[in-house]
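In the form predicted alone, a lone chain appears below as structure tokens.
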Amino acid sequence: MTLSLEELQQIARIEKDRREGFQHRIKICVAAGCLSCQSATLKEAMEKEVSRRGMENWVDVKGVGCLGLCTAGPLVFVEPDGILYQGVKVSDAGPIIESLGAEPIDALHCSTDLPFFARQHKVVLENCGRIDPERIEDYIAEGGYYALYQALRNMTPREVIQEITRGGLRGRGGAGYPTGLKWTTVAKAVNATKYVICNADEGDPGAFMDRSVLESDPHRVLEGMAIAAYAVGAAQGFIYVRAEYPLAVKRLRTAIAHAERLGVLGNGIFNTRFRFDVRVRLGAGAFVCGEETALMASIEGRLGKPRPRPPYPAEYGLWGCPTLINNVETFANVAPIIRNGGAWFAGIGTETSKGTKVFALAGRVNHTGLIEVPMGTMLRDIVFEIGGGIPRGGRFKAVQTGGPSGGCIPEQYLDMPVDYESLAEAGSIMGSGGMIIMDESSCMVDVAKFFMEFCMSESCGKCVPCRVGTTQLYHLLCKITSGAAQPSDLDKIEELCDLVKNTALCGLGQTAPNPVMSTLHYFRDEYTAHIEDKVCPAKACKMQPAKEVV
């Protein structure tokens, strides 16, 4: 079937009327973080309590996506009262129902005036915690698929790309390549068959941004992919997602089925000649498959190993055809830009880093969770305002951004704006958005060793610099943390880092030395203490022999 604008608007009206028919709406987070705290059981208990009291006609209980403050889950939001409850237990179901329309329960109440909520600017996450991710009607009621209609019926492919370019959107998966420029290259490619790929192979330790978006608002990603496909001339899309994200996979497949049923995916979308199909492909957990050429090899059914570039995927990609690859967050920005205009998006952020950025705030910080802030927000504000500072009044030591590909930024950069250029200048990268906070209990040599062990284990082994270089770097770091190193080992580490960075085949190897180089640059005294004094200043290293590598 195909869907008309009138039918789309009717679905939105019916859903809004359904919502307004309830005096109270109880929204329970059923994203992975809260589900691990038994929020599914809590939802069942809340539904039973409503049924037992005969309140089904005026109290609506529904599961929603991530509400952000993962450290305080399970989270429950009550509308229209605007009350947020934290750490809710199954036994709290009755008292919460009892309190509807009255004073909130003080023991559970979480103020939404906290800087964690007040300092955010949500574009990608605007629907997270508001809609049921398994109901397309909920998404449509929030303006879903209107941007796709506008693009297909009122804009040419070139105008769509111009709007994305005007917004200044840069890829949110790593290096920040201009999205409009990448789309233009694929659109200009002369080939009857083109593909669009959403890279959801999020593998950085401590990162959960893409997973949360897919679990909370999957239709936003599908709509962004469809708009991109129209702009570049593609008819087939793939979402490459880690098999370790079963909830995200389940909700993606449900969303695709619902979108196909309504006709916003498939043939003749919105009564046009445009056709777009999306399929999910599961990754087996290889970190290297986050690299686009390895990812494409995996989709094709081959071993996920990178190949030299050029040619780039925009010219020679999936099955030799021009292919557009963006990550989850990049596609999630597309519909808002088309809906509100490129100038609106360009008005957020900095001169060269437009829009917002989603971060997974983790580590030694009071308020861990999913956040979205304008580009250029000061690091200090993220750590001490939104994050609530270091637990038990501890001292901030460093923040790791960009995962294994990034670097550790010390205290002296707390007043640095968080954008692409500033992070690069400090020796790190934006990456996909992992942000791990560390205090004085963290040994920076041990941190470097942890990330090097990760890169060593995840290396595909295709090129010698990465396969051998990361292994040797790991062994040298083990020598240091075990108290067996000599001063000359630091020279070997610096030489190896330079060699691996400049000769490895793909991004994994080229960026693997970053955590080592940044910690060596900013925390060289800790390396020296391990080598010369045979002590770990953070008291984290047990000075044990190096781990054997098979």
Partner chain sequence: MTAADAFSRKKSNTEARSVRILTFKIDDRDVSAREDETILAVARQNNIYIPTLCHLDGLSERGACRLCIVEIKGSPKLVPACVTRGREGIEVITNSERIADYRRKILELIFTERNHVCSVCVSNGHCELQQLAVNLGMTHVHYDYLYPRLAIDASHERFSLDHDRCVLCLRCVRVCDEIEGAHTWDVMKRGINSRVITDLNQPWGSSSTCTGCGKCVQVCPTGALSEKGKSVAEMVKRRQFLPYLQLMRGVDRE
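Positions refer to the first chain, counted from 1. Worth saying up front: this structure is predicted, and the values here are computed from it rather than measured.
There is another form of the same protein, the form predicted together with the partner chain; it is not shown, and what comes next is about it.
For E495, a non-hydrogen atom is located within 4.5 Å of the partner chain in the predicted bound form, even though that partner is not displayed. In the predicted bound form, no heavy atom of I429 sits within 4.5 Å of the partner chain. In the predicted bound form, the partner chain sits within 4.5 Å of a heavy atom belonging to K305. With a 4.5 Å cutoff on heavy atoms, V468 counts as touching the partner chain in the predicted bound form. Contact with the partner chain in the predicted bound form, defined as a heavy atom within 4.5 Å, holds for exactly one of Q236, T350, N340, Q472, namely Q472.
For the options I105, V464, A175, C321, the one in contact with the partner chain in the predicted bound form, meaning a heavy atom within 4.5 Å, is V464. Heavy atoms within 4.5 Å of the partner chain in the predicted bound form are found in exactly one of 372-380, 456-464, 256-264, 153-161, that being 456-464. Residues of 499-533 lying near the partner chain in the predicted bound form, listed in sequence order, are L499, N502, T503, A504, L505, the criterion being any heavy atom within 4.5 Å.
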